[in-house]
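This document opens with one chain alone, in structure tokens, the form predicted on its own.
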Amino acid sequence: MEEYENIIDLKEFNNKRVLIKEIFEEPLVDVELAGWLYDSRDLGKIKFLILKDISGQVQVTGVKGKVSDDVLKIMDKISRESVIYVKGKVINSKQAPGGKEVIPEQIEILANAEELPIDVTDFSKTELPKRLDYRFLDLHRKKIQAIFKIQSTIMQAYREFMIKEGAIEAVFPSIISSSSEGGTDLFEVKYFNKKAFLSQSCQLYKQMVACSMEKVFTIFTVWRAEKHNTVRHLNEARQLDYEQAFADEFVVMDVLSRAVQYIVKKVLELNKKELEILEVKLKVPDVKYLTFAEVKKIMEKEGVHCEEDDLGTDAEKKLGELFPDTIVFVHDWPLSGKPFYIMPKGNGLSRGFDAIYQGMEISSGGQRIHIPELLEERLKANNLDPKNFKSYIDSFRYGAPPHAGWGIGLERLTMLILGIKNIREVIMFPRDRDRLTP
């Protein structure tokens, strides 16, 4: 095979490259661009290309007699989504989208695109499963890019908020020796000559860190082996996790509400264009606190069934209808409906809570048990062997303060902020019970 040679000097090009959006923001004349061919038209003596990069689109216009024949020949043979380099002059044009166009002096095809297996236009009617089969192509679409630009803002805003709160960012292990939360739905992995599992939560580790460093946060990948197949669940997801020492459930509920409000404000500030593309009318959420018992009474009046220790999907949807654009904290949760590490409150209640936003749970949290003897008691009550949690329990024997925390599903928060109906739309490469590729 012949050694590959770059058609253009990439180092030199990167020093000169202009992003398309800059053409419409600055008084530029001579430009060098690179991107993908979004569309083309041939009107005989005039040829049009619509070039796109991550920042926008611009029309490239070749007029016979004003542009070289070599350039016109190349314009003839460029297939859709091929990667091209364009050197030319920017001129004002009332007919061109945005009022400016580029007259090409040189065009090079950097990577030719074969026939596309899916429609990647902004009006694509390709069904989601097939789009996910070709997700690398689906990411060429403006709407899909808008989703992930917003998700990037969500993650960065979360980090900004937590740093302002005085929290440290930590990294936790993804391979564990036993269940983090007491369930059996774990992905087993071979770890040398031992049995291990992919972590379904960083819960136990963030508690250990909070008990020495007071405030800790992370963006953590979790794996859940449940065989569900819904529009709101994944088998691999990301969580925005937080834990704080010297805090009860109400302290961290306040932190959670301010974190989500900060995130939404940042999206409104930084992603106006993306929100327009997705046709999303976003509002900074209000906050409301209700006990589990109060929610059950509301649901009885609304004719919606609740379990004794869980709300259920219908009750969450109804809360979203009754309190739109509001984070509803449901606290004083029945102890039987919460994990073993949630602090009991007495009378069969716990210091656990759920946060419901836009009709769906975005977070579950509460005050944790920091007393070793009580923790052992609660493990046994949940049919778990304290021996499997020895290092976790022992971490509270040497001066562990009261502490509390929560986790927010990144994909679920993205889905609800943008009003998207299927969570697979808001993860670049979904992992569910049927999908391991791409």
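What you are looking at is a predicted structure, and each value in this text was computed from that prediction instead of being measured. The numbering used is simple: start at 1 and walk along the sequence shown.
Another form, the form predicted in complex with a small molecule, is not on view; read the next lines as being about it.
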Completion exercise
Interface check vs the small molecule in the predicted bound form: of Asn271, Gln358, Ser199, Ser363, the one with a heavy atom inside 4.5 Å is Ser363
Problem - Contact residue in the predicted bound form, from Tyr158, Phe329, Phe217, Tyr341 (heavy atom within 4.5 Å of the small molecule) - result: Tyr341
Practice task
Go through 287-295, 254-262, 95-103, 223-231 and give me the stretch that gets within 4.5 Å of the small molecule in the predicted bound form, heavy atoms only.
Solution key: 223-231
Practice task
Spell out, yes or no, whether the shortest heavy atom distance between Lys206 and the small molecule in the predicted bound form is within 4.5 Å.
Solution key: yes
Handout entry: Heavy atom of His403 within 4.5 Å of the small molecule in the predicted bound form
Key = no
Exercise for the section: Would you please decide whether Asp138 lies within 4.5 angstroms of the small molecule in the predicted bound form, comparing each non-hydrogen atom pair? Expected result: no
Problem - Proximity of Arg412 to the small molecule in the predicted bound form, heavy atoms at 4.5 Å - result: yes
